[in-house]
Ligand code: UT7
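This document opens with one chain alone, in structure tokens, the form predicted alone.
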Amino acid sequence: MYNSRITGLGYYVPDNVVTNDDLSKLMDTNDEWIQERTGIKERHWIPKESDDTSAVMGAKAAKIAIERSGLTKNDIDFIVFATLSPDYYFPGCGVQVQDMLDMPTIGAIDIRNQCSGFIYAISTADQFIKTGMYKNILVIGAEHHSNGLDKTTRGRGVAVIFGDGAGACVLSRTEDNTKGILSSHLHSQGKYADKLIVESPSIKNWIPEIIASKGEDISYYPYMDGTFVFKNAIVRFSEVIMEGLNTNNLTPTDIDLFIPHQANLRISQYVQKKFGLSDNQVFNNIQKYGNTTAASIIIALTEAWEQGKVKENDTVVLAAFGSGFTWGSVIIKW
């Protein structure tokens, strides 16, 4: 059986930086309140005059990843694109990237697993490579949150958290089973789907009905039961990390770098303390980017690699928890 290794990494974020002080001009909030609850200092939002979208940002990140892999666009066999904020209700962003990069008519799928999107996407790509079906797969996580947030005091509990951005990697076949993705572990619990949700628009509640409805309909803005999500996240993070470590006969002391989904700095710090990891063993960048959902882990992984924090033979653990609920982990020997 083949194995898969990350051979190229890239990310892209819009130039427009929105600080907590900037948000205080839009809603009743302040820098201290946001940092205390989330750890976020700033985020990048696509400005209205920009042509950036989830697909466009994903394509920009993908170009960097492909170039760094030493391959060309014609060497890519398949595209896996993770996002909760596609440019269109359909078709998905994966096919848009195929066109934007002028690639051959390769297959493309979209993964809709929100904050766990990249974990699900890279796990899916890994299985295609392990079975021998594909040799090089482009995996993208991208989000355009800012255009769908309630930027008033009513929506501050969610709006201050999210940022825009994209990350990408090239996953390539290797015959060395001691390197690359050792295992991935995926879970879901749909009974809590309504704890972190965008209820509309949907086929059940389509746009004309929303517009025509009387009264104030906020079902098309993200809703989150923050306390409930936090409590579940810290449990599931720990469980799925241990699942991955146990599968590979590893312990927390074997972790060289842990990259969690950048949902809330407090969650990351809780998990770090639980596993007894030092600051050098955990990489967080939510302070600069906010929660970029499916893009967060791959942006963080790319930054960590660029900063020399990911080295040959390192054991790297990726983990995420989010809407669905869905959660998962990936164990990598670099």
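As the structure is a computational prediction, the values presented were derived from the model and not from experiment. Start at 1 and count along the sequence shown; that's the residue number.
The next section is about a form of this same protein that is not shown, the form predicted in complex with the ligand.
Exercise for review: May I ask you to state whether Leu196 is within 4.5 Å of the ligand in the model of the complex, using heavy atom distances?
Suggested key: Leu196: contacts the ligand in the model of the complex.
Point to revise | Ala300: touches the ligand in the model of the complex, heavy atom cutoff 4.5 angstroms | key: The answer is no: Ala300 has no heavy atom within 4.5 Å of the ligand.
Check your understanding: Would Thr105 sit within 4.5 Å of the ligand in the model of the complex, counting heavy atoms only?
Key -> Outside the cut-off, so no.
Practice item. Report yes if any heavy atom of Gly226 sits within 4.5 Å of a heavy atom of the ligand in the model of the complex; otherwise report no. Key: Taking the distances in the model of the complex, the answer for Gly226 is yes, it comes within 4.5 Å of the ligand.
Practice item. Quick one: find which of 304-312, 65-73, 265-273, 52-60 has residues within 4.5 Å of the ligand in the model of the complex by heavy atom distance. Key: Answer to the contact question: 265-273.
Review point. Would the ligand be touched by all three of Asp28, Arg37 and Gly322 in the model of the complex, meaning a heavy atom each within 4.5 Å?
Key: Checked in the model of the complex: all three residues contact the ligand.
Point to revise | Heavy atom within 4.5 Å of the ligand in the model of the complex - residue from Leu257, Ile161, Ile241, Ile181 | key: That would be Ile161.
Review point. Between the options Ile137, Ile111, Cys115, Val97, which residue brings a heavy atom to within 4.5 Å of the ligand in the model of the complex?
Key: Selected option: Cys115.
Review point. What residues, if any, in 229-262 have a non-hydrogen atom within 4.5 angstroms of the ligand in the model of the complex?
Key: Residues within 4.5 Å: Val229, Phe230, Ala233, His261.
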